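As structure tokens, one chain now follows by itself in the form predicted alone.
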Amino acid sequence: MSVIVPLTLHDALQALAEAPDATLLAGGTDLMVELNAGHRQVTDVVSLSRVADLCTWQHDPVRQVLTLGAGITYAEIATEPIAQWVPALAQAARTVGSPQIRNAATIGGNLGTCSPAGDGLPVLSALEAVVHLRSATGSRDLPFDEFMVGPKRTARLPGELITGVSVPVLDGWQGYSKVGVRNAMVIATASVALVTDPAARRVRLALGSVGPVILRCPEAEAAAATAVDFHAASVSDSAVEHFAELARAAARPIDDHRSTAAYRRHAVGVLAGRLLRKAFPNG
């Protein structure tokens, strides 16, 4: 097995051009678990941990867009100044593993693994994030919902790496919540991200761990947008319950060793309703 440790993005892309199917190693918090459990075999590895170009972020106050390099860790996302611009992503970051894991795990690694249980992914879906990809021959951008195509499967092509992700900086309330078998260091049994955009009069809802990909809930979003009062930050109890039912209806869960499908479907409804009430506490 060969391990290449490039120091620049150019060198990383050249290494991938020579070995397009090489395994990309970011924080290693997912990959090392799979290797140690014998669930995955690798030959060539390109480690991205020392590529400084991937460890930067940029906030554009004019366009109101935040771009996070793929190497930004969840520990960085969970703290200021990033947390003030994407509070739901910061909330999700704080639920990722232990402090040691958060200091190693990266947003690019979470995107690369693309597990439906990935904590950051429902937030990226609700924010309608754009994933930036680059190879030695060019670059392209994909909306998150086109990037994730299945459980741990993405639209990334051989020879491409994730350079970063861009999200809008919105004025409205946003939040993330999940349930698991314990209170800390747990893989989500079900997770929900809710983002409000008062300027566009939109409510966005994304579900994790209840389908093969992160699921958006267009019917719930449309119902909420007409039921809430953005100016008064209010919503009726009946509208909250209807929103929760529509979230349950959008879920496509399965039974597995961590939960039953019935519990997952119930849980996302409860979480969605709670988040909508937090976003619009008057009513």
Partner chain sequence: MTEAPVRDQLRGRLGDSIGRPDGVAKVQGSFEFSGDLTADGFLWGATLRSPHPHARIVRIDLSGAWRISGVEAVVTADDVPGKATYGLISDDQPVFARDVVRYVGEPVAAVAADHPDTCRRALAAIVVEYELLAPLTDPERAIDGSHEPIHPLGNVVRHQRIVRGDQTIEGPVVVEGTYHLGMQDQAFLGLEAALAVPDPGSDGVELFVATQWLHEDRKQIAACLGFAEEKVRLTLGGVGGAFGAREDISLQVHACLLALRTSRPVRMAYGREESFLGHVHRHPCTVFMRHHAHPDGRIRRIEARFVFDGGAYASTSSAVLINGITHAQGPYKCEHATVDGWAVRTNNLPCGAMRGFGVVQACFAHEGQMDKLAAAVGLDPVEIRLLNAMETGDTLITGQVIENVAPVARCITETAALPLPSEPVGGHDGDPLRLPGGSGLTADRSHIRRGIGWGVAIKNLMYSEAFDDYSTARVRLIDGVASVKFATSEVGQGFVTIAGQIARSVLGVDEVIIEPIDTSVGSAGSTSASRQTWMSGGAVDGACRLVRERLFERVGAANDIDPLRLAIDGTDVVDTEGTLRVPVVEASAGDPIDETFEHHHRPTEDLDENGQGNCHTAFAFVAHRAVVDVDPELGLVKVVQIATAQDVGRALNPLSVVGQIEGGIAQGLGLAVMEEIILVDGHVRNASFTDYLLPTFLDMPDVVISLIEEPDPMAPLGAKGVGEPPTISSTPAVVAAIRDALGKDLARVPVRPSDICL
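Numbering follows the first chain given and starts at 1. Fair warning: this is a prediction, and the values are worked out from it, not measured in the lab.
Missing here is the form predicted in complex with the partner chain; even so, the following discussion is about that form.
Contact label in the predicted complex: R258 to the partner chain, heavy atom within 4.5 Å: R258: contacts the partner chain in the predicted complex.
G180: touches the partner chain in the predicted complex, heavy atom cutoff 4.5 angstroms: Close contact exists here: in the predicted complex, G180 approaches the partner chain to within 4.5 Å, heavy atoms only.
A267, heavy atom within 4.5 angstroms of the partner chain in the predicted complex: So A267 counts as contacting the partner chain.
T154, heavy atom within 4.5 angstroms of the partner chain in the predicted complex: No, T154 is distant from the partner.
Segment assignment from 130-138, 105-113, 185-193, 158-166: heavy atom within 4.5 Å of the partner chain in the predicted complex: Among the listed stretches, the partner-contacting one is 185-193.
Residues in 95-110 close to the partner chain in the predicted complex, defined by a heavy atom within 4.5 Å, in order: Contacting residue: only T95.
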